Ligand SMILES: O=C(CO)[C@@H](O)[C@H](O)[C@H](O)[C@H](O)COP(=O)(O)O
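Just the one chain here, laid out as structure tokens, in the form predicted on its own.
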Amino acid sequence: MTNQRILSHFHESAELKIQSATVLAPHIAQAIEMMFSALSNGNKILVCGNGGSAADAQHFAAELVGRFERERFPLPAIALTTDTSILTAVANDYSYREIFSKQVQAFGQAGDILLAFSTSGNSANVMAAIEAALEREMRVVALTGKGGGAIGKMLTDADVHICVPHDRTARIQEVHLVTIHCICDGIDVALFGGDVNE
């Protein structure tokens, strides 16, 4: 029983990734182009999310500031999930809804990108961050699932919505991880061309 349950997790995850690839590839390519353009123009990427999505935000920022699969100069990406003094001060003095939006207002500039993770598409603090980003003439790349929720309705035609076609949070997060790696690889290829193994 236990082995069968484990196998079902692997199979469901693999099947969703294959199913999602064709649907999401054009949107991921659009996100790569948008981010590469912003980075090339001296802009930065701000990243936010809650829980497992906060970990995804930090993972993405680490891949850009450090490296993905090839040596290169550091790229400017900031996870808005890491400064506990800012997070707790804003949550305590204002509201939890504003923990990311205050940072977008502080650090975001026109031409920057907000990479926003919300598996449900309905995270209030991520929505507030998107509102703040749009007010500052930033572009948004939103990674969601479950139909995209309210976030899907907030985005403009200039933004990118990568919505995983599934309702289970764990599966959505697994596709988000592959998406992060696709974006990091795409940025590296845009910078250097070719394949890391060439």
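Numbers for residues come from their place in the sequence shown, where the first is 1. Bear in mind the structure is a predicted one, so any value in this text is a computation, not a measurement.
If you look for the form predicted in complex with this ligand, you will not find it shown, but the lines that follow are about it.
This chain is displayed without this ligand, yet in the predicted bound form the stretch 120-128 from 80-88, 103-111, 120-128, 67-75 comes within 4.5 Å of it by heavy atoms.
Within this chain, Thr169 lines the site of this ligand in the predicted bound form, having a heavy atom no more than 4.5 Å away.
At the 4.5 Å threshold, heavy atoms of Asn43 stay clear of this ligand in the predicted bound form, well away from it.
Though the partner is left out of this view, Gly52 does reach within 4.5 Å of this ligand in the predicted bound form, counting heavy atoms only.
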